[in-house]
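Presented as structure tokens, the chain that follows is alone, the form predicted alone.
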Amino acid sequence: MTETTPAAGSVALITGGTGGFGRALAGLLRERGVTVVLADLDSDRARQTAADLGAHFVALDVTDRAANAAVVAQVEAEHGRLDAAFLNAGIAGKSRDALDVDEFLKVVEVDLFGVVYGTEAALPALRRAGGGSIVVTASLAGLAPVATDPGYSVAKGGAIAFVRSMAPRLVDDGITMSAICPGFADTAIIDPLRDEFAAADFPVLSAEEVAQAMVAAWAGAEPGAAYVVQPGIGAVPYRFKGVPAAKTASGETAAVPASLIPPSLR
């Protein structure tokens, strides 16, 4: 990623903002003079967390499509603009059944459709600001699915695919969309496994390491990139393998029709 810094005076919205990554990210952005709005489920604790960080708070259930739009409208009304949306809200499954469909759907609703609804809501505001950034918190599980949590793997894999599909469509608007794919990190999601990691002396990312990658993605990500964040290596772009191309009857590589390719990629 390009080493640049978000401009002071910019406005950033962080969903799942009072959790581990959100708190760490808010602190880094506030140090850079960014106005930070934390969106999360409403509670006294969430509101106090935002106040302690010097950030603004808005209540949001990311699975509510209309509520996402209302929150962005509130941010624009109160702060005049939106420059970056960090779509960070996420949950993991807890069931150890082979397939708990109710839990599966709940995880996908938050971790995937929360990203879709957040993107839909943020785009008009980012366009009005003359461009900006959408950074999605995905996961290493979206690149290497884990058998312990199929719902989480599907949701995060879908979020990465969504970013890669949407990003080229936004380049002409001056909007960069990218994904951050952390490995195991020190947040509440790993609480059930914390003792096992400690016993195995397995390195776990700090929330601050992930937040630093999120800030860098806002300022300098490649459109559609997915950045793997792992202990000891920092944030590195994941290199996706290409798929075999179609062949014509004569054996030549077939070209995809130009009408299917966004103008910015032709």
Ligand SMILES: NC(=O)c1ccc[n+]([C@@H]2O[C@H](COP(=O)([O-])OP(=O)(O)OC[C@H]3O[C@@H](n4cnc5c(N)ncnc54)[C@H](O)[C@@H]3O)[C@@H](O)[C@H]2O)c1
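One-based numbering along the sequence shown. Note that the structure is predicted; figures quoted are calculated from it, not measured.
Another form, the form predicted in complex with this ligand, is not on view; read the next lines as being about it.
Participant: Of the listed stretches (93-101, 170-178, 130-138, 78-86), which one has a non-hydrogen atom within 4.5 Å of this ligand in the predicted bound form?
Facilitator: So the stretch in question is 130-138.
Participant: To verify the annotation, which of these, L29, A211, A221, V62, has a non-hydrogen atom within 4.5 Å of this ligand in the predicted bound form?
Facilitator: The residue in contact is V62.
Participant: Just to confirm, with a 4.5 Å cut-off on non-hydrogen atoms, which of A51, A70, V236, L41 contacts this ligand in the predicted bound form?
Facilitator: Exactly one residue meets the criterion: L41.
Participant: Is T187 near this ligand? Define near as a heavy atom within 4.5 Å, in the predicted bound form.
Facilitator: Although this ligand is absent here, T187 would touch it in the predicted bound form, with heavy atoms inside 4.5 Å.
Participant: Any of the heavy atoms of V110 lying within 4.5 Å of this ligand in the predicted bound form?
Facilitator: Close contact exists here: in the predicted bound form, V110 approaches this ligand to within 4.5 Å, heavy atoms only.
Participant: Taking heavy atoms only, is G118 within 4.5 angstroms of this ligand in the predicted bound form?
Facilitator: Heavy-atom contact with this ligand at 4.5 Å: absent for G118.
Participant: Is there a non-hydrogen atom of G151 within 4.5 angstroms of a non-hydrogen atom of this ligand in the predicted bound form?
Facilitator: No, G151 is distant from the partner.
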